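What follows is a single chain, given as structure tokens, in the form predicted on its own.
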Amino acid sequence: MAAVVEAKNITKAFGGVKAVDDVSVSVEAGEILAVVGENGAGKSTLMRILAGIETQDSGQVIVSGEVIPKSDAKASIDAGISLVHQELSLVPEMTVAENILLGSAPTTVGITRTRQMKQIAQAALEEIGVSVDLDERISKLSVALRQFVEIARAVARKPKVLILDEPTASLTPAETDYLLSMLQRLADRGMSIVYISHRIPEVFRLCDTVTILRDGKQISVLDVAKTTPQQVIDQMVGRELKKDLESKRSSSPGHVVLKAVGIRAEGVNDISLEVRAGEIIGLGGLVGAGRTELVRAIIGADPRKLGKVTLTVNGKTKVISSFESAVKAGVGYVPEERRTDGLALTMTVAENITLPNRKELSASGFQLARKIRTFADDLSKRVGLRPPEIDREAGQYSGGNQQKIVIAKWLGRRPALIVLDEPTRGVDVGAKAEIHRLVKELADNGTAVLVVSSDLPELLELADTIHVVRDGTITGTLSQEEADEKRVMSLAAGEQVENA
């Protein structure tokens, strides 16, 4: 069968480093192709080239036998390629219907034909089997619903090839199941799917073929039915992951560092918790349960209605009333939305790492250039940034590497408390192990750690204690010995633990 889309001998370099090095892929009608590899392997760059967003240095993109002009997103869309980015690109203050038809809404003499726009948007939502109010603003939707609206926008273009970059990173297990079933239905109707994911079980459940990239090079193309998850992982990382990185830690918590009492905020209903020095507290629950709202209220990133938060460091207790006061007191924060809340994408790695550390890296009001470079270089290597180019813009790195930059800038402050919201969302298996190591290392050195994660195995591995949040309240608390996936999910879903 002839390929619907082909990428032939694609090469792309940034600053002398080849992000994609002579890679060729092809997808047939109705085929679901997985593209996997560690962060920085070149997956997203390759997909952006396919979608006409990035210009390749050499090679061709061919759709149904026709060569697509370089760096021509409109030509790629017209040819039948739709890309759903890893980081959502919706406009928060526009409606669902307006976002689905963004840039392609039907008009008459410059005026949008609203009724027709809604009809097309509704048809796209029905095609993927999702129900949402067309007039609702995106800012009011959960992260999961935003993801489905993004997919509906791609499907509305009637593509021959649908490319999805980490589409399940922010979804619950039930939402992931639905998405995978929906993609299978689209493929059964003849649509070609290119699926990027670090979640190997999803690849083996959904995909027909898997292309493995490492350091920009194409390592192999495998028939999913004739290989194993471990073989794919081994080829992705080029090494065996140490089992000791997957083991639980034993802890001896010290004094109470964070004390939050009676916290009430938007989506949070009277929650109290403590985190001790050297302790990792996990917040589990479903998407929309109020976990992110809770941690943002605790550290002053969002306003609190009621409640008191204190941080005790070196025997001194300070009240946290704002995010600025939290940072000054010794709090580090790795947010869920790294691109909008955690990074300045057009600034370099060094500049990003320097941002919360400027006082320590200056003298008499002047930045110390040599000290900054040494500081940024050491931290980028500590978190395993690949490649560790501190003069490169943060926005040029893959999602997982961007997460490492966010972590690095807070490690530079040696925080007494670090709050991590979905720390390995969109991160490959190798980088995930590295981040887990860093988190455990921080706790072992006496840092108090508060982690929000929708990845249950991650939560079970890292946390000494798990508070399960549902509808803005803590529905149960499980020790490391008590916690397992069934117990956490039963509390998250509102069931009795005994029935788990």
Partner chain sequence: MPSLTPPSGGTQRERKRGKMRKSRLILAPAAMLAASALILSGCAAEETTETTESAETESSSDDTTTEEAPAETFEVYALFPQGNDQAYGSTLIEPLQANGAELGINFTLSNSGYDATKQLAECEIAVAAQPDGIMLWPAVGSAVRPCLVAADNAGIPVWVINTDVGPADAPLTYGYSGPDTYGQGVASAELMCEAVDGEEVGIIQVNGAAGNGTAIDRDNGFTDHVEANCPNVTILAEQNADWTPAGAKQVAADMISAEGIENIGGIYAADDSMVDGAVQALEDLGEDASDYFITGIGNTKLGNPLVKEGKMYGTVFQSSVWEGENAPEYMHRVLTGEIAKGDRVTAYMPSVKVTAENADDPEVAPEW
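Everything numeric here is computed off the predicted structure, so don't read it as measured data. Residue numbers count along the first chain shown, from 1.
Note that the form predicted together with the partner chain isn't included here; everything after this is about it.
- For a residue to qualify, one of its non-hydrogen atoms must sit within 4.5 Å of the partner chain in the model of the complex; all three of S139, G288 and E293 qualify.
- This chain is displayed without the partner chain, yet in the model of the complex the stretch 139-147 from 196-204, 139-147, 374-382, 224-232 comes within 4.5 Å of it by heavy atoms.
- When contacts are judged by a 4.5 Å heavy atom cut-off, A174 counts as touching the partner chain in the model of the complex.
- In the model of the complex, the partner chain sits beyond 4.5 Å of every heavy atom of G412.
- Contact annotation: P159 falls outside 4.5 Å of the partner chain in the model of the complex, judged by heavy atom distances.
- Using a 4.5 Å cutoff between non-hydrogen atoms, E266 counts as a contact of the partner chain in the model of the complex.
- Screening E28, E441, D471, D57 for any heavy atom within 4.5 Å of the partner chain in the model of the complex leaves a single hit, D471.
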